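Just the one chain here, laid out as structure tokens, in the form predicted alone.
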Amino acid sequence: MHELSLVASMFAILEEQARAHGATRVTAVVLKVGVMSGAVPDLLESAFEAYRKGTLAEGARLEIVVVPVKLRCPDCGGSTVREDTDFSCSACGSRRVEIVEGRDLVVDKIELETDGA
């Protein structure tokens, strides 16, 4: 379960941002999870739930946005969004495609609370 180490890294980002903005709490986090990132959303949620206790994010809401695979075709210039494992261009059928989205795990948004709220 490498999701726990991913969440630990995410908390380093949350704490850094909270300090940088003088926040007392993290109230929400939006995490974009590419389907090819190697991370399992359900396990990320479980790890987040366990890890947040006793931190600035205790009680914070986690929203996970699953990002599908987006392909770009150098042969016809088209782009394709895939929900399945078919890595071919939907316009011309070429298999010489470049993956342009769907591999990353990104902290997209953090909601913070300060003393002045």
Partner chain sequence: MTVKTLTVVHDLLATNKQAAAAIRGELRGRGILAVNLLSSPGSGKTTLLEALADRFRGRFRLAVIEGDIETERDAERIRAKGVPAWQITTGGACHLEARMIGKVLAGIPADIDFLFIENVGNLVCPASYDLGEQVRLVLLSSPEGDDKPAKYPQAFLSADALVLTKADLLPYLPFDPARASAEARAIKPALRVFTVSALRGEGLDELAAWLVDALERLRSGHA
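Positions refer to the first chain, counted from 1. All figures in this text were calculated on a predicted structure; none of them were measured in a lab.
Not pictured, yet referred to below: the form predicted in complex with the partner chain.
Contact flag, S37 vs the partner chain in the model of the complex, heavy atom cut 4.5 Å | Yes, S37 lies within 4.5 Å of the partner chain in the model of the complex.
Any chance L31 has a heavy atom within 4.5 Å of the partner chain in the model of the complex?
-> Close contact exists here: in the model of the complex, L31 approaches the partner chain to within 4.5 Å, heavy atoms only.
Do I13 and the partner chain come within 4.5 Å of each other in the model of the complex, heavy atoms counted?
-> So I13 counts as contacting the partner chain.
Could you list which residues of 66-105 come within 4.5 Å of the partner chain in the model of the complex, counting heavy atoms only?
-> Contacts from 66-105: T85, F87, R95, I99, R103, D104, L105.
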